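Single chain ahead, by itself, as C-alpha cells, in the form predicted alone.
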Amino acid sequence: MSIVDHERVVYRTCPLCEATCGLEITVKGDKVSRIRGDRDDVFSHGFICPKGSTLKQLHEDPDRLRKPLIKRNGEHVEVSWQEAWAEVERGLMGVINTHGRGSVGTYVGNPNAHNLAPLLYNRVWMQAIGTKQRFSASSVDQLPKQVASGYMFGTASSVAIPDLDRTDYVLMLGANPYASNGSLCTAPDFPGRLEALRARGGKLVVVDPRRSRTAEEADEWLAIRPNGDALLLAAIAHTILASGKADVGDHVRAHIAGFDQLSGALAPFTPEAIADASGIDAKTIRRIAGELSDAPTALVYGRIGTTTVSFGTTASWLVDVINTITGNLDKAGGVMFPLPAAGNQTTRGESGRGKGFRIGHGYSRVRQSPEAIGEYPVSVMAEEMLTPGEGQIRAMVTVAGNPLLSTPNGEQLEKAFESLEFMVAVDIYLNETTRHANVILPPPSHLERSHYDMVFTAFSIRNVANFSEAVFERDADQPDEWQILAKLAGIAQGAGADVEPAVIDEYVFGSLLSNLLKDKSSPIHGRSEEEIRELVDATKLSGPERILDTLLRTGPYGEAFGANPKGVNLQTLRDQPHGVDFGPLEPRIPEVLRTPSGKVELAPTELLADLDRLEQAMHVVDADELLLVGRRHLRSNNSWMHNVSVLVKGKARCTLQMHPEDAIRAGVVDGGSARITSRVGSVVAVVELTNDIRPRVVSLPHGWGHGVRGTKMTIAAERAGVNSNVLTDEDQMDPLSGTSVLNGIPVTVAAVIHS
C-alpha cells in the first residue's frame, strides 16, 4: 500500500471550546478523511458538537497563514522565517531602545487557553519584554469569577466547579451551555448532563434576558433585566439567611470565616426591594430560595452573562455565598474543586494556607485602573496607546487575539492600533487586528502540534487527563508554536534574531525544576538536581512536552520520578490515547485553601464594600431604557471560526433580536434594517423579531464585523455581520476586576430606510 492510500486513526482532544471532547480522526495519506467523537474517550464518550468536526477545514483553509508576512508599502507579503525574525528584532528592539520596555504592550486572546505552548511560554516572552502593559481576553470574559474566587479561597485558580452529574437542582444564570458547552465548567455534552439531571427528577432553572436554547430546555425560565443578577443573588441569599435555613454543613463548618457578617450586609436586599430592578417578582425569588435550601443537593452556576456586567465580581461572589449557605460547598452534588493531574496553584505550596489574593499590584498609566491577575483591563488599552507621555504604548505584540472585534469601542481601538510604530502578531489569520501588524508569525495548524489542556482540566467536573499527539508532521521550515514564542522571548531579551529557541527552553525548564526542588510540598523536594536531570534527559523530550512530563510526574497523581511507581507521567497518557480517568471530584477543603487565615473567606472586605454600590443600583431603574446584550451560537463561539464555511452557512446569525413590542415603538420590522446607537458608536443590523427575549432588551452576537480592507478571511467577509463592540463603552467596567460591560449597554434603535 502506498503512503497515499495508507489509512490510520488518531485520537485527539478538540481544542475549539472548553468542553475538551475526544475526537477520532481518520487520516488517509496526508489528508483527514473523517472526524467523529471518540466513543472510548473516558470523559466525552463519543459526544461531539459541530465545531469539532471542522478541524479538517481549519487545517486545510487556504486563508490560514503558512508563511510569515511582513508589511511593505501598506501590503502584507510572504517572506522567509529568517527575514521575518530580522524584522522583529529591528522593529521591536528599535522601539524598546528608543522609548523603553514600558512602551511595549501585549495582548493574548482566547485561543491561548486552548493551546499547550502559549500556556507554558507566553509568560516567558512577556517577562523578556519587561513591560507591565499586559492585556488579554480575560477582562471581557471570566475574570470576575477568578477575582471573587481568589478573595474567597486564596488563588485565581480556586474556582468551585458545579458537580453536574450528582446534583438535584441547578440555578443557572448568564450561561447557555446548549450553545457554548459550558465555561469555567469543563463538561463534554453539557446539554446531555442537564437532561440527565431532569431525567433523575432534578430541576433546572435558567435566568437570562433571552429564552436561550438552554432556557427552552429548562424547567423554568426567569427573564431577568440585564445586570440584575447580583441583585437577584443577593435577595436569594438574604431570604435563605432570614429564613433560618442557612447552614454551611458540618463538613466545612470549622473552615468558614465571615458567616456572621452576611445577614447584616445583605439586609437591604429583600425580594421586594430588588424586584423592579431585577425584573423578577418577590414571590418567585422566595420560592427559588426555598427550593435551593430544601433540595438534597443543589448548585448555582453563573457565567459570562453574570461576569461581563458592572457587578460581575459581586455576582460571582454571591453565587458561592449561596452555594455555601445551602451546605453545598465542597460537597458531592454541589460545587467542588478539581485536582488537576499537572497541578496548579491549589496543589502547590503550603497545604491549606497561603498568601491569599489581591489586585492592584500596579495601576494603568492614564486611568489608574488596578491590575488583576497580572494584567490591566482591555478597556484602557486604547487610551494607553493614544495618550502621549512617558510609558505610552508605541508597539504591540499580540498572540492569537482579535481585540478590534472582541473588546470595547472598536472604532477608538482602530485609531489606537493605527498609531503604533511597530506591531508583531503570532496568528494563523490576517484578521481585523493582525492587519495592523508589521510582522505576522503563523504557528502550525492545530493538527501539527501536540496538545494537553492545562487550563480546562483545572475547571473540570471530573478529574481526567488526555494527551494528544500531533496528527501531521510540520513542514521542514515551519517552527513549532513553542519555538516561535521562545525565539520571540530571546529577541526581546536582546539575544538577536539568530537566538536558538532551545536556549530559552533550557532556561524555562531550569527555572521550573529549581522551583520544584525548593518547594517543600513537591514530591521531589530535597532530591538532587543531577538525579532528576538524568531521569529527564532519558526521556529525550524538549519544549512543552518536557515541561508537561515534569508537571505530571510531580502532580497529584504523579510517579514523582520513581518515588511513586504506580503514578503517571507523559508516557502513561501516550499509552492511553482515550485518556486517564482519575474519578469524580472529591472534597478538598481545607487543603485546597490558600488564604492567610486558612479558611473560606465568606465575607471579603472588598466584596462587602461593593454592596453599597449595589444597593444604590436597585433604586435606579429606567423602565423605558433599551438595553443591549450579546449572545452565542453553537457553531461560532469565536470570531476566527467564522472563516469555516460549514460553521457559518445557513440563516444569518448576526441579527438584532428584538421583542415585537419594542419593534413597534422603534418603528422597525422583521427583516428590516435598524441603526443601534450607544454613547460611543453606531451600527446597522438586520432586525429579527422574537418573543424569546424580554421586552426592553435587544441582542447582537459577539465577534462579528468582518470584511474590512487588508484582511484575508474570505468566508468571514462574505458573512461579515457588524461589530457589536463598536457599541461597547470603554468607560463602563466592573470596578472590582476591570472587566468590560458587554451586557446591559444602554442603546437606542431606529429604523433605517433604504432608498
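Numbering starts at 1 and runs along the sequence shown. These numbers come from a predicted model, not from an experiment.
Note that the form predicted in complex with a small molecule isn't included here; everything after this is about it.
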{"item": "Contact residue in the predicted bound form, from P162, P377, P340, P443 (heavy atom within 4.5 Å of the small molecule)", "value": "P443"}
{"item": "Partner-contacting position among V300, A148, V140, V424 - heavy atom within 4.5 Å of the small molecule in the predicted bound form", "value": "V140"}
{"item": "Among 563 to 571, 74 to 82, 227 to 235, 536 to 544, the region lying within 4.5 Å of the small molecule in the predicted bound form by heavy atom distance", "value": "227 to 235"}
{"item": "Candidate site G174, I428 and N743: all three near the small molecule in the predicted bound form by heavy atom within 4.5 Å", "value": "yes"}
{"item": "Touches the small molecule in the predicted bound form: I304 (any heavy atom, 4.5 Å)", "value": "yes"}
{"item": "Exercise: T155 in contact with the small molecule in the predicted bound form, heavy atom 4.5 Å", "value": "no"}
{"item": "Touches the small molecule in the predicted bound form: V439 (any heavy atom, 4.5 Å)", "value": "no"}
{"item": "G630: touches the small molecule in the predicted bound form, heavy atom cutoff 4.5 angstroms", "value": "yes"}
